[in-house]
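Same protein, same chain, two forms; see structure 1 and structure 2 below, as structure tokens.
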Structure 1
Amino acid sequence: MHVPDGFVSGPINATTAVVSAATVGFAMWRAQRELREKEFRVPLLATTAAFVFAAQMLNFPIGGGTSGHFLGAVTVAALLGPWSACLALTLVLTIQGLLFGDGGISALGTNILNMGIIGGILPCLLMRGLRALLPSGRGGYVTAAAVASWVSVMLASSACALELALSGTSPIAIAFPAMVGTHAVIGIGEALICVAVLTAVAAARPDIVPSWARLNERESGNRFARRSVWALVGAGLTVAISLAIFGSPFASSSPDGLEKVAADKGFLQSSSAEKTVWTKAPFPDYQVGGIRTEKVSTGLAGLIGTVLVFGLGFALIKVVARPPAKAGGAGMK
């Protein structure tokens, strides 16, 4: 899923780079602010990034003689919180791009957006929502982490397919089923690894899994209010993600979408409803390979919508449901 140089068009690279830089900048600002009390985070973020890199080298079989590897964003998010996970993934992707030719430097913003932000921060919000809905206790915690891991891989690969399609590198009718189909299986491996890592770490060093340790604690009186907000967000996001993920492959697997590359027919020629959406988008004039059917474009719009809703929802929750004590937010200890 590491996009090399030359696969994503300039304007998309620029857009994703700006979004990634802003998000990572915010994550760094938060980390630095926390550093006044928690200097330990500096070496911890570095060794965690090194851990993700090393763990990605442990391949697991996905059948048919092929293998997949760990992404790690949700696992790190469950252990250290979403912003630290985003930073750790940014470090990993930068090192992989610089030193190992794994992901291009011009596509670094795209890769950070896909794997660190869309695949890291957003599923972590889903995980919180799920934990509010599921019974509290280890079963609920592990289930939420597993689902979030799978969704993380699906979201990251969908975003990757979408960017490739918008760049005209691979038509959506090919890129989407290929990327998302493969990653639906890899995501199961990711979920298994996430669960195994969390249970192993909780068994060996329960003190470093703050969210796990908190399971047994009596929560404050504000608990019900916070839980219901997260439950609402979680339910909404689950529905939105299922629509985006399960809707789009159905649409794109229809023979209509496979018949032709739509190099000759871009997005702007589709229905007027789509046109109003896309002409107002930050990058309206792209030639979109392969998008001909309204179903596909609706699915894509749904995916983009999900991502936007996630971001807006998070901002809203941050404002509305500010935790009473300092030790709330990112699940850090």
Structure 2
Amino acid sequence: MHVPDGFVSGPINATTAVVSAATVGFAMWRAQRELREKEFRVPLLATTAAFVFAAQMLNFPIGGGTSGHFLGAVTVAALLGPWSACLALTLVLTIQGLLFGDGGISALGTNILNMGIIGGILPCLLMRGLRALLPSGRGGYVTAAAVASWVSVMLASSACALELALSGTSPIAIAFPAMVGTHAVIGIGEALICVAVLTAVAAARPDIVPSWARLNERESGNRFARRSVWALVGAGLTVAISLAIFGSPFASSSPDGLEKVAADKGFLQSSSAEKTVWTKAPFPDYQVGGIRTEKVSTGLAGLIGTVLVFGLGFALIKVVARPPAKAGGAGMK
């Protein structure tokens, strides 16, 4: 669902950039206290961002010559909260656009709004509401998250259709049913991946799952969590790297939902090469220059991206979570 340059008009992109920048700034402010109080969340957030990057490379076929990919915002939100999810998606989308040419740089604010804010923050209200109605235990937790995951894809695709219509790219009567209809199927895949991830984490480390999840087997003790969270981080990063290296080369080559709708509805040409704003991506289309074997090149690009998202994410999140210096230089001790 990455919007390329040319699909959305300049005024719409400018508006979404302002909204996204303001929301991401607020998300950083809100996430600061949570990350300071629970320091073990810092490496976990970097790991989930790396996993989202790797998982988004694995386009899965949905039939009709169309593929879909993981969005991941609700999955991150179900573990670490909606503001952290917004930050994770912002990091992933920025690196995808700058280094891999995936999503237009002029449309970066639009993509962050659609996938990180509308697709990541708003569905959390539904997820928390459903969780309050469902029975305690892991089943109720993952069910609420699965439903919210499907809804997140619907909301993000609806927002994209509206932006296309407001830009004059495709009438709302055409763009909306095409986008929502296609992504209704993609949302099923999103929900299944969400369930798999949350079930695995809840089974391995129920103590790091948020309290609102109401797990029966919930553990306690932040000291234990801080001491051993790196084992979970290592496992998560291993999974992400494995997906990037061994899974991404075999992802579906069919166009994703937005590309398919653009081709079927006649506005694919709106994203021509002349309209590409950023042409200096070092790994365009997830390929590493000089490597002739496409699958090897894709896997290596995935490895580079996954490690970079984790490393840069960890460094940036540490800065965000850093406590303010105390007056009189006490913070320098």
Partner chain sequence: MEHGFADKYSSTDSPVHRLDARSKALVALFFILMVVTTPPQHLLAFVVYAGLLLWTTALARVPVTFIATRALMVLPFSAFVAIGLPFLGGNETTSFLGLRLSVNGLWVLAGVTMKSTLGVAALTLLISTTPFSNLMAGLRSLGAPAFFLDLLALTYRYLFLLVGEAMRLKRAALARGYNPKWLPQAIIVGRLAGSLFVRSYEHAERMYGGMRLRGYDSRMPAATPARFRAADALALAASMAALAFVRVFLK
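Superpose the two forms; the largest set of C-alphas matching within 1.5 Å is the rigid core. Structure 1 provides the reference sequence; residues are numbered from 1 along it. No experiment lies behind these values; they were computed from the predicted model shown.
Chemist: Form predicted together with its partner chain, is that 1 or 2?
Modeler: Answer to the question: structure 1 is the form predicted together with its partner chain, whereas structure 2 comes from elsewhere.
Chemist: For G181, decide whether the Cα shift between the two structures is 2 Å or greater, given a superposition on the rigid core.
Modeler: Shift at G181: below 2 Å after core fit.
Chemist: With both forms fit on the core, has A54 moved 2 Å or more by CA between the two structures?
Modeler: No; that C-alpha moves by less than 2 Å between the two structures.
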